[in-house]
Ligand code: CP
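Okay, here we've got a single chain as structure tokens, the form predicted on its own, with questions on binding and movement later.
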Amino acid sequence: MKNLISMRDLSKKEILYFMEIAELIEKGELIPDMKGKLAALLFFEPSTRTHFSFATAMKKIGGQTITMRGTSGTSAKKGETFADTLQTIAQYAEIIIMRSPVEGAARFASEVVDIPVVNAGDGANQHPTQALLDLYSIMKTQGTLENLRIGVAGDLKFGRTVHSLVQAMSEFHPKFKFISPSFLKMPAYIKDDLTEKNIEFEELSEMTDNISDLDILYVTRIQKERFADLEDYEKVKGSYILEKSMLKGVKKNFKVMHPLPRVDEISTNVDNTEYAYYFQQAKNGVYMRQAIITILLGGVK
């Protein structure tokens, strides 16, 4: 495996291999050595967790990072092409980790340079490293990835995290509940993939009374930045809010996950319940991203 661009590129065996290496790293049974290695973090969209967790991951395994945030102050302002920028950076670093608002940008980068490229989010398309840390979090809380009931609530049309998660989990025989406004439903191509794999799913418009049989509820924010018409955003913002009172009757193993940042879709009164897992989920991102870097740079013997 040279690059990590999309969950659709990974087999079930490869997904489980990432889980295995992340667990070994977390337990201290594998201590990667990336001394002398440099990761180029190219972030053309805002990021907190993904950027910091990749930087933390690289430094915890002995490597270093350089960062480009946007194109301000770079030669792109002089007319340099994106391809030339990438090829130049590839002369300095051993791996490129890139977030872009442009769908397909990471795959383009992987075709231009001869070092590994990791997709840290490309528009409303994919976010494979988030999906892998989400699966690792599910594995830790449920003890398995197989045959789980998973609810996904919020912006399912533009939510790249849920696109990657659903595609990844489809390898493990889940049953899905997709909870969203009518015009933010899961894209047809993802539903078509699930149908082809005989994966059960239902589409719902309300969160209330639809979570009692779930193992995982994965909540996402309504993404203001993805709306072309802000009036559409104003119609649905705040319409999907998980309150503590809604957790009565859920299963004992039930966990609430969220890729963060949170706006108002999970009330803070959920934070101190046994079901909240989103901050631990963010911590798991460091272990998984250490595993990703280690695997792609050949650090596992």
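Bear in mind that the values here come from a model prediction, so they are computed numbers and not experimental data. Start at 1 with the first residue shown and count on from there.
If you look for the form predicted in complex with phosphoric acid mono(formamide)ester (CP), you will not find it shown, but the lines that follow are about it.
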| query | finding |
| --- | --- |
| Arg49, heavy atom within 4.5 angstroms of phosphoric acid mono(formamide)ester (CP) in the predicted bound form | yes |
| 4.5 Å heavy atom contact, Gln130 to phosphoric acid mono(formamide)ester (CP) in the predicted bound form | yes |
| Contact label in the predicted bound form: Leu260 to phosphoric acid mono(formamide)ester (CP), heavy atom within 4.5 Å | yes |
| Touches phosphoric acid mono(formamide)ester (CP) in the predicted bound form: His163 (any heavy atom, 4.5 Å) | no |
| Segment assignment from 270-278, 41-49, 57-65, 249-257: heavy atom within 4.5 Å of phosphoric acid mono(formamide)ester (CP) in the predicted bound form | 41-49 |
| Partner contacts in the predicted bound form for 89-115 (non-hydrogen atom within 4.5 angstroms of phosphoric acid mono(formamide)ester (CP)) | Arg99 |
